[in-house]
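As structure tokens, one chain now follows by itself in the form predicted alone.
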Amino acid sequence: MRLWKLGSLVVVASLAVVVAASIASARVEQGARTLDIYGFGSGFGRGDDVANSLTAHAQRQLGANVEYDNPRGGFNDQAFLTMLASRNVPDVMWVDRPRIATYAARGALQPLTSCIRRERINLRQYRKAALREVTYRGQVYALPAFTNQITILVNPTVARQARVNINDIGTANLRKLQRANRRLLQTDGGRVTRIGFDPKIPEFFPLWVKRFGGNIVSRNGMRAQLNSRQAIAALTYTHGLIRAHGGWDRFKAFRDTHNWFGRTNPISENTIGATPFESFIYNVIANNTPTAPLVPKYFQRRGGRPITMFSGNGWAIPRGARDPDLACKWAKHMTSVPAWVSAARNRLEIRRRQNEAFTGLYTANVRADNFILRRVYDPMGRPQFNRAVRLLYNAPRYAFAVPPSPASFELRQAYIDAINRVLAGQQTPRQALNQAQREAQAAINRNRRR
């Protein structure tokens, strides 16, 4: 038995037996087919209306002669590596797109070339940035599903109280943002009582590097660029925004009190001036505190051109899948225009019945998004959220994704660790990123030789 490794993950034989037994499909009577699905167990049948709608559409397309084995829980690297070691893999899996290149580099995934040709899947329907995330060495290894683009939430009430021009709260002019941050924040006896501008590092560090004109890894994913001039400038600047609050410890202690998912949140409570956030947060705020003031804005490059960063999942087929043809059909239908439109209509009807807001559905399918915005979306009478929806549907035009790399995990961990060392006062940005560069490049070199 060959043992697969991913970073520090090591597969042990005893665990292989347990997991293999737990996912083994009970093949039904002769003539029926079973599709083994992995990583989607937190969605379908678990109260997620979008997942249920997508699944119902795909099942209708595949017909009544198909059974489904979909264990509970999301994707887990250790469990999947165990499946690979035991040669008992699922037919199709729901996985974060940054993982695709790492597994493709190890030969764990099937390229979808024949799948795309056989099922006549038009790749032009997918957003370019999302499709690049699942492309490794020229071959597509997954079909992208959701997107979760990043924009900036601005609290106009806080801006007015601090006498800050909303136009100055953004990333186009960093000097103006620096001044706005100092005026927006509040402290009391050395304790932070209101955050000015939260730059969201380390999470959004690649977006800040892009804002400064760089990338954290080369286009082909083979050369780390964590200590570039742009990366050092991005970390120095964002660290400065946090230090203006009195340092990381005070900043974090107050930020940890924020609850973005409750009936009160930092916007409704006026405890933050502005911050970048993923698209899902607008739906959360619209339903929990629909009268909360907010102004949605693009994250911008120098000079004002919009920019956003994608994240999301996709459908991939492991090498060794029992029924790759059926898996291909599933992936095709789960990411199709009819599936997304059906899910959006269903969500709109549910929200109407519950008297809740519908703030759009954001996918990696350009045609689906265009149709949903024009033919499905219904303004809910709250102008701030209607503006947000328009912005979120337009933002993917300016999207990028971190280039796929055979060491995506290690690359990400390297810059997270580096930023945490800077925030803790252990290293300067240059020192921390120089170390991160060495760690990330060593991981890339190890993984690409496999």
Partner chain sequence: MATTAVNATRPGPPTRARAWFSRFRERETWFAYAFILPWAFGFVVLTAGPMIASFYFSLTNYGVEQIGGFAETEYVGAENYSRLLDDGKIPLALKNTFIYTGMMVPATMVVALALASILLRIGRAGDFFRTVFYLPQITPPVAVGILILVLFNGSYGVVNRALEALPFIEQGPFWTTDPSWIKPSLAIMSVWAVGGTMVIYLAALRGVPQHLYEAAAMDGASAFRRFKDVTLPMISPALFFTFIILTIAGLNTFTEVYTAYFGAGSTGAEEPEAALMYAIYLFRQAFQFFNMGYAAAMAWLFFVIVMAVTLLNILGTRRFVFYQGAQR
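Residue numbers count along the first chain shown, from 1. Everything quoted here is computed from the prediction, not taken from an experiment.
The following text describes the form predicted together with its partner chain, which does not appear among the structures shown.
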query: Contact assignment for its partner chain in the predicted complex, among T102, T308, N365, S279, heavy atom within 4.5 Å; finding: T102
query: Listed residue (N122, N165, T257, N355) with a non-hydrogen atom within 4.5 angstroms of its partner chain in the predicted complex; finding: T257
query: Stretch in contact, per heavy atom within 4.5 angstroms of its partner chain in the predicted complex, of 221-229, 133-141, 288-296, 245-253; finding: 245-253
query: Contact of R347 with its partner chain in the predicted complex (heavy atom, 4.5 Å); finding: no
query: Partner contact for A108 in the predicted complex: its partner chain, 4.5 angstroms, heavy atom; finding: yes
query: Partner proximity in the predicted complex: Q413 to its partner chain, non-hydrogen atom cutoff 4.5 Å; finding: yes
query: Heavy atom of L84 within 4.5 Å of its partner chain in the predicted complex; finding: yes
query: Residues of stretch 167-196 in contact with its partner chain in the predicted complex (4.5 Å, non-hydrogen atom); finding: R191, V192, T193
